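Just one chain follows, in the form predicted on its own, and it is written as structure tokens.
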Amino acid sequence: MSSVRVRFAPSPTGFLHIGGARTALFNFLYARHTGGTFVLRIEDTDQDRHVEEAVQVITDGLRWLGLDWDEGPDRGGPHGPYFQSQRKDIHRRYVQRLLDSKAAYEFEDKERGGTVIKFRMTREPVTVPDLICGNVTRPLNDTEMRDPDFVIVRSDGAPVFHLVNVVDDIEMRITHIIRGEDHLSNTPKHIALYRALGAEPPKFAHIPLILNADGSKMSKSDKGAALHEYINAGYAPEAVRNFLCLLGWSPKSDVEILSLDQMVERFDLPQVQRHNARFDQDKLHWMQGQYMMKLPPERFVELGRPFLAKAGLLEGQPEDYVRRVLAIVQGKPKLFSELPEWTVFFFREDFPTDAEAVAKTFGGQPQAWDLLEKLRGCFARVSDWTHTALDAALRDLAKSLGVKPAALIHPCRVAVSGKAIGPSLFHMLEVLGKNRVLQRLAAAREHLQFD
């Protein structure tokens, strides 16, 4: 049996659709599961719809998801994708073969003006053997019964999708075509082209469509349809990949959080479901939260740094300090785009303050300022600036003053961070450092702008 070879073949007409990303993922997983090859091919023959930046969007999106392809000419780095526009000579040779065998013929198109080349399509229904949908036979409609032939080369000499798609799959020895169910209607034409060219059609597997929450088909204009929305919002690639994997595929267990290795091990086409998959934004957000808590610290830092840098928070900051900050806030923000808001007070002295938190903590409670001053004096005497020592010192002070620890904890947190919520107070104080904490406690009344 020949080695499995699959491909993802997007058109560079805009952004990478979430459905396209899932198609790429299924192809990638099947290739890795079977020990086969995953090919990336950019179908850019339609120059009227071609958007140059879209190629970069596609490759960047796949790399963000961790889906690296296996081969291709060296354009855009090692293993750059194949580009159909660079394969015109190959396409012309195949067109000539079809003309020579009388499987295709020239036709004067009076409506559009000019000569086109049409393929002689069979007058009998074609059955598509599909690994997911089963055998699918679509009866010919009245128009197809009268003239089922279709154009394969336009009057300007440009070959159409149906031809180049089949030719490149033959040339690249593609064994399995895994694509969206919306392509199923094109497949009879493709099978007929394979046969006319003397090639065995690959195995087809048409995966279910992705629906919106209301049951409508997800289109390019729908909210959440573009992969870059999740990249910019600060989703973890692992969470999005895990979520996409479960859109139309079942691991046959109750386990929903799967590593890439687990997906590769378990993924197979028989487990792809027949019914359409519904995009559940709430489930994706839940899954994102799971990953934000459980990502390895190094990975959390890797994904978080770009968002801090974009917010201008990293300039002049020691790497070790940045890592310590991110270590104590992990699990708090649900998206990496929220990270600057959760950490700004670690990096700037002009950090924003929550007016509601300030009013609730200090409004009408003059004793809060007195307690804060006593706490500053207590912390000034702490020589071992660790979270355990700071915790013990605060609780001893609270006991000596006859107040609950919370009477000191809340004013301290608001004074040093401007917020009522955040990471563990004592870990936060330890990371901020003694000098900075004492300075903020001393300047709290002025900084919080509260009378």
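Sequential numbering from 1, following the sequence displayed. Note that the structure is predicted; figures quoted are calculated from it, not measured.
FYI, the form predicted together with the RNA isn't displayed, but the following is about it.
Shown without its partner, this chain lists 313, 225, 184, 90 as candidates; in the model of the complex, only 184 has a non-hydrogen atom within 4.5 angstroms of the RNA. With the partner omitted from this view, the residue of 378, 116, 95, 301 that lies near the RNA in the model of the complex is 116 [heavy atom within 4.5 Å]. The shortest heavy atom separation between residue 410 and the RNA in the model of the complex is within 4.5 Å. Under a 4.5 angstroms non-hydrogen atom cutoff, the RNA in the model of the complex has residue 293 among its neighbouring residues.
The closest non-hydrogen atom of residue 173 lies beyond 4.5 Å of the RNA in the model of the complex. Residue contact with the RNA in the model of the complex: residue 36 places no heavy atom within 4.5 Å of it. The stretch among 362-370, 228-236, 248-256, 313-321 whose residues place heavy atoms within 4.5 Å of the RNA in the model of the complex is 248-256. Residues 409, 410, 413, 420, 421, 422, 423, 424, 425, 426 of 408-434 are found to place at least one heavy atom within 4.5 Å of the RNA in the model of the complex.
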